[in-house]
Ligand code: HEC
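For reference, the chain that follows is the form predicted alone, supplied as structure tokens.
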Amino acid sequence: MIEIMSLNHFFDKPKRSVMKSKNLFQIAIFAFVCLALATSCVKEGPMGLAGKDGEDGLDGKDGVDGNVTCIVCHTTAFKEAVISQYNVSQHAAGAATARSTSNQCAPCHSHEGFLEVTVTGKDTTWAGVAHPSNINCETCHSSHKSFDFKKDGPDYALRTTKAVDLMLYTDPTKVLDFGNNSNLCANCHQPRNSYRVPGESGETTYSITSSRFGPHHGTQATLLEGIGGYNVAGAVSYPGTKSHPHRTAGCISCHMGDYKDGAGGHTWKPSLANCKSCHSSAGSFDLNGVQTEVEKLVADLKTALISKGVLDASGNLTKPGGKTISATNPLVLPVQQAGAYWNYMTIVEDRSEGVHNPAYIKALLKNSIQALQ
């Protein structure tokens, strides 16, 4: 058995050698082919057809950095400046925010209420706001309408700039449109609809049912427009609506503009420096003595209302006998007296002392005084 195995081993050895030689030969052939192919790749053939020219780029200028527009506002320094200005404003003070527990007051006296009505289009919220917060950055600002500032203008991410429905009138076509960002302000800085303007329906007497009778506290937008007063006939003619140049400037130009000396910007305090862009000679807001004249006319109208028994010595609505004015115990006045009081409160609560619309404000005051004589 040993011999046979040895013999087989002897005869296998040449056979394996032959196979090994064959494999080596195949590897050599493969290497030769690869070398031939590699050699042929480096040889240059004839030039192909010329390709089509590409489009030329713009010469001489680099493209505009898309971040340039954004970082005008979106920087830490800019944001901190705005916040410091806002912190000294009446909006930040929030003196009347607690009134938002009423659904009639919430739209203008709270952040939450304003957001709701800008969505619903109503002039009241569904319910009062139990825990209201002050008017703040996000009350007025949301996301950009678009980023096409060349076409749409710098919208500053305002919640709304649409034309404003006027709450004072039952006519739904009565809207106010300054045509700019001032529309945002007019949503709240307008008289509310708690009471009708005296004489609106042609009545000769007017029943006052509350000691709080009047146009409420925000008459700025309507006076700027040249409407909202009781236009009693008198010696002074009324200017047309939308006629005063301050209307074109709107709220933004005068109350914001560049921040300087504690005014302008997000303080919303009118800045004399901004006024000088139009009134270069202005040394104060009492330009041409308008504020001095209006202040005297307001005092004269108050005196006339006291003499008629409409106001008491403190300037409050009064009823003979000292009874409380209410729906069941109204103060019934001739329409001219009620209208004169309406005008008095409209101008007192405007707080501009005539600046918003001098011609219209002086006409209301002078004709009201004349009607009471």
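Here the structure is a predicted model, which is why all the values come from computation and not from measurement. Start at 1 and count along the sequence shown; that's the residue number.
The same protein also exists as the form predicted together with this ligand; that form is not shown, yet it is the one meant from here on.
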Check your understanding: Is every one of 138, 181 and 220 within 4.5 Å of this ligand in the model of the complex, counting heavy atoms?
Key -> yes
Exercise for review: Within 4.5 Å of this ligand in the model of the complex, counting heavy atoms only, one of 87-95, 298-306, 230-238, 199-207 shows up; tell me which.
Suggested key: 87-95
Practice item. Only one of 164, 129, 168, 105 comes within 4.5 Å of this ligand in the model of the complex by heavy atoms, so just point that one out. Key: 105
Check your understanding: Are any of the heavy atoms in residue 69 no more than 4.5 Å from a heavy atom of this ligand in the model of the complex?
Key -> yes
Point to revise | residue 249: touches this ligand in the model of the complex, heavy atom cutoff 4.5 angstroms | key: yes
Check your understanding: Does residue 291 make contact with this ligand in the model of the complex, using a 4.5 Å heavy atom cut-off?
Key -> yes
**Study point:** Touches this ligand in the model of the complex: residue 245 (any heavy atom, 4.5 Å)
**Key:** yes
Check your understanding: Within 277-311, which residues come within 4.5 Å of this ligand in the model of the complex, counting heavy atoms only?
Key -> 277, 278, 279, 285, 287, 288, 290, 291
